[in-house]
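Coming up is one lone chain in structure tokens, specifically the form predicted on its own.
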Amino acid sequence: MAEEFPVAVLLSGDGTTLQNLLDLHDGGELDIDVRLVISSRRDAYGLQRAHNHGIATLVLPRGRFDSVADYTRAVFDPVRDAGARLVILAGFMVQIGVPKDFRHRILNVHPALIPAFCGKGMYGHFVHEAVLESGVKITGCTVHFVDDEYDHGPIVLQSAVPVLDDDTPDTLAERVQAEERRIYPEAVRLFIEDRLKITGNRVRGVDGPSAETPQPQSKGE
């Protein structure tokens, strides 16, 4: 049995991404050990999901801290204490800095194909509404390493999703989220198996399938 890789998860809401990771772990498909879940909101249901799995939790509201630097320290001190070697952002709605010891050790998923439809204020349905308003025919999702800018940093995986003529923000979000549930765990697997090589702003797979963009999904798939 493979040794489980210690991770911390940061969230602000329902915790569906956390639940997806935990379900894959429980099914023997993802060798992670979620040591700590940190929420920026006390009412986030993701905290209950963590409690249901016996995972330690911590609530850190952004308003208690004067600066991004102060907040970053408050987040990463307990992450280090928990022994986490990877931080997974799972709908974390607060900006954090990237400590030197966690450079290229923080992953995030964004509901669009970066660098399109991203940046400050572009999250959740705001993204899908902007996609529909723009008239583009393809959108998708992106897993990337986090740096000090919003929705920036080396891209690990992307998956394209067609924008249909009768789409609403809800229907588009549903298909994009299905791809997020597929590629985010795959990016975590690649990381914990040490199969990602970062050169400049490019990420390549090593000793296995490369970290390349999957083909767009058709309407019938």
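Residue indices: 1-based, along the sequence shown. Everything numeric in this text was worked out from a predicted model, so none of it was measured.
Keep in mind the form predicted together with ligand GAR is missing from the figure; the text below concerns it.
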{"property": "Ligand GAR in the predicted bound form: contacting segment from 77-85, 130-138, 96-104, 116-124, heavy atom within 4.5 Å", "result": "116-124"}
{"property": "Heavy atom of Val146 within 4.5 Å of ligand GAR in the predicted bound form", "result": "no"}
{"property": "Non-hydrogen atom contact Glu179 with ligand GAR in the predicted bound form at 4.5 angstroms", "result": "no"}
{"property": "Ligand GAR contact in the predicted bound form: Gly205, any heavy atom under 4.5 Å", "result": "no"}
{"property": "Full three-residue contact with ligand GAR in the predicted bound form, heavy atom 4.5 Å, for Val7, Leu36 and Thr57", "result": "no"}
{"property": "Within 4.5 Å of ligand GAR in the predicted bound form: residues from 71-97 (heavy atom criterion)", "result": "Ala90, Gly91, Met93"}
